[in-house]
Ligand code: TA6
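Just the one chain here, laid out as structure tokens, in the form predicted on its own.
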Amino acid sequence: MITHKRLADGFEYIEVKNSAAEAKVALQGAHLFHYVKAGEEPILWLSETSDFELGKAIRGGVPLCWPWFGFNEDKSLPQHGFARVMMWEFVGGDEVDARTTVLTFRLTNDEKTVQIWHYKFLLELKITISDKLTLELKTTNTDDKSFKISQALHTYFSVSHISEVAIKGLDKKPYLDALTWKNELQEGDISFHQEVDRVYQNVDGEIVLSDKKREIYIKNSGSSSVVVWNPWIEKTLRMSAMKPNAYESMVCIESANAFDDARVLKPHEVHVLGAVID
């Protein structure tokens, strides 16, 4: 079942329920903020104090960072681009079978986007909700000149406790430590004892989020970079829309085209960034 819902303040979202899973996607940012398999705990983390307010990004779920990841060279422009706070068009939903629902959202250039980013584009997000979660973010260059994008599916995963988490699949991968701006090489699995903010490159295999209560498998496509982030104690205290201990129950593993993995699209070219989460 696909239902179009609206909060009291006018905030709109699409709710999906089928026999395999449930999901909720805000029209602002085409932001998936809830996904849970039948009979299980939610896979996505959502801040208990997150804003569901027009113009403010939701803290949690899967924000879409586009057309740039992180800070722009022009520091007056919004971090992680503008797509996550723009109103998207809900193109429609397809109930493929009792266990599979596909939602499609669309964003195109308009007067607001051209003031921020001087290109014409078509951005489409397809979300497949079943016993696996599939995300496909498709960028089409509809301009007559090339443009460069960096982007991320900024996925927040719910964990039992950050001290009990290991991330597997990134051993021997080079990464940029965004806390020191030094290039490093991963040795073994990733565990957490302090703030972590890293951009891994040359990633080509499956990533496993291992927690005491379950394992989550992540397979990316159209991407060779992955971002791993946990703000830890001090940064969480300074962050809006997060409780002081929120860092304990979440970790971000972001499917990305970041830094060295940024992509240049010529006129009419298409790029699809994808992730399958199981």
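From a predicted model like this one, the values you see are computed outputs, not experimental measurements. Residue positions are given as counts along the sequence shown, with the first one as 1.
Not on display, but discussed next: the form predicted in complex with this ligand.
The three marked residues, 59, 154 and 197, each reach this ligand in the predicted bound form, with a heavy atom inside 4.5 Å. Partner proximity in the predicted bound form, defined as non-hydrogen atoms within 4.5 angstroms of this ligand, places exactly one of 162-170, 128-136, 80-88, 141-149 at the interface: 80-88.
Listed residues 35, 247, 68, 229 were compared with this ligand in the predicted bound form; 229 is the one with a heavy atom within 4.5 Å. Proximity of residue 239 to this ligand in the predicted bound form: non-hydrogen atoms within 4.5 Å are present. Taking this ligand as positioned in the predicted bound form, the only residue of 244-261 that brings a heavy atom within 4.5 Å of it is 254.
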